[in-house]
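Here are two versions of the same chain, shown separately as structure tokens and labelled structure 1 and structure 2.
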Structure 1
Amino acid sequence: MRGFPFFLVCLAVAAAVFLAARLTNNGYVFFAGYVVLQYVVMAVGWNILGGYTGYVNFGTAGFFALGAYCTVALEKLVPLPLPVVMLAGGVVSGALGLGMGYLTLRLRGAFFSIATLAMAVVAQTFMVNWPFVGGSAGAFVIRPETAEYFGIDYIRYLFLLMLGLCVIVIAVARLIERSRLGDGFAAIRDDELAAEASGVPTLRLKLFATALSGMFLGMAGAPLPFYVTYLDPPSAFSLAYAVNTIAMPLIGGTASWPGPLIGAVLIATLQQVATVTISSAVNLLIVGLVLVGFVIAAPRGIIGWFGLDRRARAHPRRLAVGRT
């Protein structure tokens, strides 16, 4: 299935999901569903860098929080429609990803991962000491009762926006995976030195992956202030975001775009059920137990377990020749 028909299929599935949520006649479905969709965007976005190129990013919470704080800053400066704010948050986080990539992508393996974690710590320290966005005390954001021009409850509006963003992110990830760009990413992941020797512009591709991944993470974080109505550094830079965003693609499988999608839906849904029935304190415990189980039983994740990643692993590498 080519790009545009696949995009139409995604739109149809998204419409069916929204209709099914409305038919439940339960407002909490939208409240919890927003979190599930948020993690779908984050997992698929993280996988563009962490899965396709093999560069594990531990600083996902930094990109996510930057998008959220971009919303807080814009609300104080000039209130804009939320889709525009999400785009702005994506641009800012993508720019951060580009800058971070330029400074750190010459590192490899654990050194790169530690550098991204340090970036998130620096970003959190900056936000703690920036009074304009609330500093350490945090900031309140007033959530409207209904969405302007749509006339629906604002939580449903947030759900709809995140559902649309899911469609875009999944379509882009699939397009990359089946393109020469994806072949270049896979060559970097398999053997970066061999790819570079073959003429693949490795640094250029890694910078693009870092910027695109950061942009999607920032766009996922931009609606957060309207969802929680109060944002402070510990919640915005929560460890749960970093752990979940990395664990979900690993559980689902990083070789192809369905893996992060499956992992995010599975883990985020389990966490929301546990939050209602037990406590939100067990959310990270659930991730840890499931991740350990899959590392032992299915190292390639769910799609690898069922052999659904064969096409991705057997896909011919049409390496893009160029200069770094």
Structure 2
Amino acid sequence: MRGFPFFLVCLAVAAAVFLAARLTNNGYVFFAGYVVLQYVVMAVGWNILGGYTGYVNFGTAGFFALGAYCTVALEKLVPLPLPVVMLAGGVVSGALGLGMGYLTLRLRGAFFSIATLAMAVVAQTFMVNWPFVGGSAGAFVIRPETAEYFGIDYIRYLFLLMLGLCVIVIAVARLIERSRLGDGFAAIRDDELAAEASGVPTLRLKLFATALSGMFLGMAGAPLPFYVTYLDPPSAFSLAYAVNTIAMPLIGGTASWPGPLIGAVLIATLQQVATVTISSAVNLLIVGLVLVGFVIAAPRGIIGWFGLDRRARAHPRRLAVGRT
């Protein structure tokens, strides 16, 4: 299977990260590291739609929170193992993405962006008015001391799960980039009309990208209730998620998966440090300023500096000569 060696390399890197985190023997490393990994999943997942097809999703917080609320609801109905719950959250968010996309993707790109923002607020209003998942008062979720099968501390278990999700999302993103699907996405991004005219099934590809991207955002949100133990609508639907998730790929570079990965690790780590040392409002301000600075001054992001996006930028030629 193509991409399998890369998958193994990713697994090895992930194992090394986990071991390194264990070696520090510091609980806080796992606690802060979880957030960094969560942003890696969100940034790479967002980029499948935003970076590859060029459709900007502002509703990240909606997909993310939906995954989290899915966990809260399932926790009250039937207690399932967390990986299954994550999958369920992913399916729900993916379905939401599909529905959204179906409503708006036939329009110009800006309409899609505005509609995603609107969707997040509609979803938030529904959660506020739904007492079963806590309503506006919020919901408490009890975090077990240790994970059921692994017998390790639960925060470490969450860290491990998120690390696994990182491996999956990166492998999927790379697979897409190197497949016909990625070529189709790039064609949509570069010139949708020309792509449609050349026989690229644009609507179907866009729907696929929206659903897949939404699914990863939802899966990233699913473990959140166990991480924070208390979930209320304003914090789950926080605009900070949307800004961070857009800023990270744009800062790292949207053309290829290393971009969002680098951006997420950089910005999320910086934020974790700044939250502890300065204040959380100031660190959000920094993210906003860096985002605006990068889109103005460095449109290709950090990977553009090193030419890492060369392969992705060569797409139009590759399309012309067929698969290489």
Partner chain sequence: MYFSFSLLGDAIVSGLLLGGFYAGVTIGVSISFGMLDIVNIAHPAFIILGSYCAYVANSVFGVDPIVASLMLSPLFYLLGAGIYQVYHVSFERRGDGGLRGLAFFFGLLFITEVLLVLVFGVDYRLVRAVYIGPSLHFGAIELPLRLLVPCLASLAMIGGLQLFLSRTFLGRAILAVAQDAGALRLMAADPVRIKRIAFALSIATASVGGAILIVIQPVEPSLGREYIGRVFAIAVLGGLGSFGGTVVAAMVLGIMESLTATFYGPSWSPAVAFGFLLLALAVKPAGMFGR
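Counting starts at 1 with the first residue of structure 1 and goes up one by one along its sequence. Predicted model only: the values in this text are computed from it and were never measured. For clarity, a rigid core is taken as the largest C-alpha set superposing within 1.5 Å between two forms.
As summarised for this chain, the second structure is the form predicted in complex with the partner chain, and the first is not. Positional change of residue 273 between structure 1 and structure 2 stays under 2 Å at the C-alpha, relative to the superposed core. Remark: with the core as the superposition reference, the CA shift of residue 58 between structure 1 and structure 2 stays below 2 Å. The two forms, fitted on the rigid core, differ between structure 1 and structure 2 by less than 2 Å at the CA of residue 27.
For residue 296, the Cα shift between structure 1 and structure 2 is 4.1 Å when the rigid core is held fixed in the overlay.
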